[in-house]
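Below, in structure tokens: the form predicted on its own, a single chain.
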């Protein structure tokens, strides 16, 4: 049977897209392998959000292309956002790439794969495989594309305009995954709050999903602050099926920078959102994305970001130094901040957020937690791994247990980034 090896860079949407490609290939008899050297097909799913992400992907693709020379017949596909941005020029930059599939083509990926591997040639009887985050958690895209055009972000250009997945497709996909043993679904979109199909908006979609038998826990990402509503938070608070976690990227704490970024909200609006969420969902884990060193950001404005982070007390945050992306509005802005200054600001921000994260984990010791068991450590003491109803990682030493179980436990200590039971 032919084999396929995946290398996926970037966000959860890319992981979901890799899942889709793998499922379509599995119908043609492909089996997943963890060895690129012995595979018949290598699929590299790429990210364009930052220059560093593209450099890592190009380095890996070049490595795979060199290896192909000693593996006659092996194919190398490059898919995703960088593939969309660079197109077939990738074949010129890295000889050995056989197929380039941009992110916008994911809407017709079944046709693309049929062109490469006609299903009639692969009558193996193999069943589609659910290839997800863990054995009991998985992703379901509900939105594709983005209409927000944040000044620093290339996503709208490489993924296209917003499109909502029809409700019946989402419902059938969720039920198929539950039948395959999935207990937790994360609904994905560049901005899930924009979902609207057939008069069903995102809060209504979530409410309907919560009524599906067998679905034990519901998550979603990403939620744009300008579209995060009381209606959405009230739906989250209405059922224990919803994780008490919301990812709410703030990006910056200074209003002038937020305006330049085209984020369409102010820092005070964002702080009011935090108050509303924590009033309705006590102990909610709120996570964020933060970008430092945006063009013309002053030291005083960076200090406003630090002030917001202190007040927000994010459980965790993804933190980055700005780098220009070709084609975005910010790329034409004059760079006035040195790389050294950007890195210094990023280092200071990371140190602050790390301290807050450790404090939040320490404050969770002794509290009762509902932990979904997702798997078992392969090394060390082989403790069970899980996640609480928020976003905190938990290790549990107990027997018997198995993936998919939800256990009520109390953490006895914290390692700083993991709770220990």
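Positions refer to the first chain, counted from 1. What you are looking at is a predicted structure, and each value in this text was computed from that prediction instead of being measured.
Same protein, other form: the form predicted together with S-adenosyl-L-homocysteine, not shown, and the subject of what follows.
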| property | result |
| --- | --- |
| Residue 117: touches S-adenosyl-L-homocysteine in the model of the complex, heavy atom cutoff 4.5 angstroms | no |
| Residue 320: touches S-adenosyl-L-homocysteine in the model of the complex, heavy atom cutoff 4.5 angstroms | yes |
| 4.5 Å heavy atom contact, residue 222 and S-adenosyl-L-homocysteine in the model of the complex | yes |
| In the model of the complex, residue 195 touching S-adenosyl-L-homocysteine (heavy atom, 4.5 Å) | no |
| Site test, 137, 207 and 245 vs S-adenosyl-L-homocysteine in the model of the complex, non-hydrogen atom cutoff 4.5 Å | no |
| Among 363-371, 64-72, 30-38, 45-53, the region lying within 4.5 Å of S-adenosyl-L-homocysteine in the model of the complex by heavy atom distance | 45-53 |
| Partner-contacting position among 188, 182, 291, 254 - heavy atom within 4.5 Å of S-adenosyl-L-homocysteine in the model of the complex | 291 |
| Position in contact with S-adenosyl-L-homocysteine when the complex is considered in the model of the complex, options 152, 314, 302, 202, heavy atoms within 4.5 Å | 152 |
| Contact set, 253-276 vs S-adenosyl-L-homocysteine in the model of the complex - heavy atom within 4.5 angstroms | 263 |
